[in-house]
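In what follows, one protein chain appears twice in different forms, each by itself as structure tokens: structure 1 and structure 2.
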Structure 1
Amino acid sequence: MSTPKAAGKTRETSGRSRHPHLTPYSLILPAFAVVFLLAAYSFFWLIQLSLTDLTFGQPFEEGVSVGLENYRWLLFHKSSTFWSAVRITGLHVSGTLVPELLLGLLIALLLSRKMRGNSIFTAALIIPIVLMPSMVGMVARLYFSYDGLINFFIETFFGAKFNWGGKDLALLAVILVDIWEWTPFFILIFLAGLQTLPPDPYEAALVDGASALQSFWHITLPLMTPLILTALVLRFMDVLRIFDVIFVMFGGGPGTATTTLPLYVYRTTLLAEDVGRGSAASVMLIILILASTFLLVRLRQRLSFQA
């Protein structure tokens, strides 16, 4: 005969197990609700500001509603440098993501082999990631100065010096710093993925006489594709909004040589004191990030499904 206490436990257990698939959502919901509400509230006010003619420091009530005029000016006015910022952002994103991805995969493949000092190398890779971006920018500015460490080595081995602060090489200097700082991000993720791959396909390929390159192309790469695309999406979202390193190194200059979209928003809002156009540029940047991330996520899902 069951006791009332046992019966109560049975009812509680059955109640919890009635909808077990809802448990993960109920755990995530509070944090998601807080983040979503804060983001939605901020985005609402950002759109409101983008539809007004407002000077920085002026009360919002004194702003004049101009509709979509700020967007029209950004996209079509001949004195607007918005599309120049989009082009520089595209160069910066492609110039950093592709080398970081390739170098990260190559170095991860080397470190995945059993050799002495692997743990030391892996621990050292964390250092660039945990450094403060502003400090990275300050040190990089010293290194890439005309009499800095980079030119010292170039002059020592090649007998030449470069003006890294000029408009022709400033963006390249920013890209090189970003590659140094964030390639370890890909290395650590890919190294963790390589260490979890099943050994059976490799043993079968070895029996069939497959070379190391064939094993990589037909086994490693297909198995690593979902992880590669996940790391690419995460890094893509981050590199689109990089501000601090570029700002400390060159402040978006010389001229507009390193003015990516985040720097363009800063210059328009705080330096030009045009809150309306700066907010409109912020909205355009958010739309660009969301649209590009959505396309990358869909690509990842499609390739993962095919795999």
Structure 2
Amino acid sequence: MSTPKAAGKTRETSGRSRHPHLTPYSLILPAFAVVFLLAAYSFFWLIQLSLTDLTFGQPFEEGVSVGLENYRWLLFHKSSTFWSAVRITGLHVSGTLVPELLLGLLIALLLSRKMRGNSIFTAALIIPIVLMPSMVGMVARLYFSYDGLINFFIETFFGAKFNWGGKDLALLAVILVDIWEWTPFFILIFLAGLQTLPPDPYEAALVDGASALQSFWHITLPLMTPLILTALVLRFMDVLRIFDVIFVMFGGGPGTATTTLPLYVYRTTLLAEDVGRGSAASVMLIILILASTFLLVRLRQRLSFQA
């Protein structure tokens, strides 16, 4: 049955149980089967669809294979707004991550001071994260309307009202909602990190007469770097996927002002009814997410080692 060599190998690693080399795999098998079967089957469909000229509503059998034409059109055709979607995705990602990171760090520092009510504060910060995004989007649609809550505060304090539904500010409105929802994510993670920092370096710095700012810059920040990167990677993946809030608030508009890649996929597949191009855009979005996450994880490992 088995070759002598294989049999020998088995003997070498055999322990108490009869098939130890199979045990770890057999434990993973159900998870693997469910996840990968479903994923593989869906990806198979997706890639198939991306190579056809199928329109939404046509039975699948009627799709004609067009090779890579859909990809070519998205990337190079002058009427394609794919690159605009990439650009807006970039703005969306950087516009949310940078302020969230900075605010998160600041507020975490603020909260890490010993004061009464801290546990209540952290509990309160959980709430925005767990709210239903589709409902958050609806609520935000009203809050950001011209006679809405946001403009009320801006008018009270600064005497002006903004057109959040316009092409210049719509993306900012979406970003502000995200900042409200997800800055607490950074706060909570950084707070957890700050509380586990070793006290010794600070005591040494105090002896050396370092200012608070200096010890933050030279001690806290380097120690926190791995944590900051982890949080960034996780949020990065998440922001790239955001669909519901934007869908509900502006549907990608006005014009293409809030059409990020997930919205682009939706608009192409279901509104423009172009399943071929929509699927091709999906494939590219997935590749983009996987590739950039891979790079970020790599980068994080590098930087963590240096730190």
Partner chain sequence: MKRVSIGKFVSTRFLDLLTLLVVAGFLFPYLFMVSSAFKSRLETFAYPPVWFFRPTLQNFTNILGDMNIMFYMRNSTVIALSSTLLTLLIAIPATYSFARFQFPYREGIAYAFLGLQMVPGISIVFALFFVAQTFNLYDTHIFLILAYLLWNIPYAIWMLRGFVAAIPVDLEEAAMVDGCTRFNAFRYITLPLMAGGVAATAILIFIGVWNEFSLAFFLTSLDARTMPTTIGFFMTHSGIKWGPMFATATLGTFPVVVFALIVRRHFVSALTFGAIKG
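Under this definition, the rigid core comprises the largest set of C-alpha atoms superposing within 1.5 Å between the forms. Note that the structure is a prediction, hence the values are computed from the model and not measured. By convention here, residues take numbers in order along the sequence of structure 1, the first being 1.
Chemist: Of structures 1 and 2, select the one representing the form predicted on its own.
Modeler: It is structure 1; that copy is the form predicted on its own.
Chemist: Does superposing the core leave G159 with a CA shift of 2 Å or more between structures 1 and 2?
Modeler: Result for G159: yes, a 2 Å-plus shift.
Chemist: Quick one: once the rigid core is lined up, does F36 have its C-alpha move by 2 Å or more between structures 1 and 2?
Modeler: It does shift by 2 Å or more.
Chemist: Superposing on the rigid core, is the CA of Q58 displaced by 2 Å or more between structures 1 and 2?
Modeler: Superposed on the core, Q58 moves its C-alpha 2 Å or more between structures 1 and 2.
Chemist: Report, to one decimal in Å, how far the Cα of L27 moves between structures 1 and 2 once the rigid core is superposed.
Modeler: Shift of L27 at C-alpha, rigid core superposed: 6.1 Å.
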